[in-house]
Ligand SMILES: C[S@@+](CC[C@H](N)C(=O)[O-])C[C@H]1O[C@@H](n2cnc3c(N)ncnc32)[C@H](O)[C@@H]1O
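Shown below, as structure tokens, is a lone chain in the form predicted on its own; questions about how it binds or moves come after it.
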Amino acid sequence: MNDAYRAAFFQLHRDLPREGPGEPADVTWATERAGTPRDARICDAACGPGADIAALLTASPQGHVTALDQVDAFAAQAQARHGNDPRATVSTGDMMEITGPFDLIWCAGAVYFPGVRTALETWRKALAPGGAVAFSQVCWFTDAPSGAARDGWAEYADMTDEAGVLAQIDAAGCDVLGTRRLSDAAWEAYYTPLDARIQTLSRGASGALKDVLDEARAEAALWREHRAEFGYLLCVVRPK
């Protein structure tokens, strides 16, 4: 990502409510499956702009959320939103270097960077006894994805199906407490504000900004046209 593209990317994504699909109901479902206590120590790993912190604190009102993101701009947004809440600590940091102990590690849409198995094996040592990990991972929902869908996800060469995700969890030495697909509402919670920002910035856009806007517009269109073929699988797991 060169400097011009990076600047254009953050011009588009600055102050968006989310950096990926999700909704508070995902957090509620995951914490219920994990049996997360009301005073839990929770890590929001790769928290983005902090979209899930409020829901995590609702699920554990006497607990504490340690949220971090490797991107300074996203961590700053999360800090601006939640920095005045003593139940939340927000910082810039690498999700693969967390130490805990945590009763729950929540990671929305970011385990594809290290891979499911690597992330779970690394985070095992950061979990408190009985702790769990909840994460969402993009995968195929069909055995025969269309050419358009495959082209759209061509950069994700290791993308697998739901069975493949479960196999990676098992290989990491974890039991599955529950899985569910993210809903259309979760996707629209990301794309609807993004659509509005694209429309605003499109007037007179050129160069790197036009490229970034075109890519984001195509990404949203791909999901809306091929949503039955792929999506995010939300998984709650615990080391065996």
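Source: prediction; values computed, not measured. Counting begins at 1, following the sequence as shown.
One more form of this protein, predicted in complex with this ligand, exists but is not displayed; see below.
With the partner omitted from this view, the residue of 174, 46, 59, 212 that lies near this ligand in the model of the complex is 46 [heavy atom within 4.5 Å]. At a distance threshold of 4.5 angstroms between non-hydrogen atoms, residue 110 is in contact with this ligand in the model of the complex. In the model of the complex, at least one heavy atom of residue 74 sits within 4.5 Å of a heavy atom of this ligand. Among residues of the shown chain, residue 94 is one whose heavy atoms approach this ligand to within 4.5 Å in the model of the complex. This ligand in the model of the complex comes within 4.5 Å of a heavy atom belonging to residue 70.
Partner contacts here mean any heavy atom within 4.5 Å of this ligand in the model of the complex, and among 144-152, 165-173, 110-118, 126-134 they occur only in 110-118.
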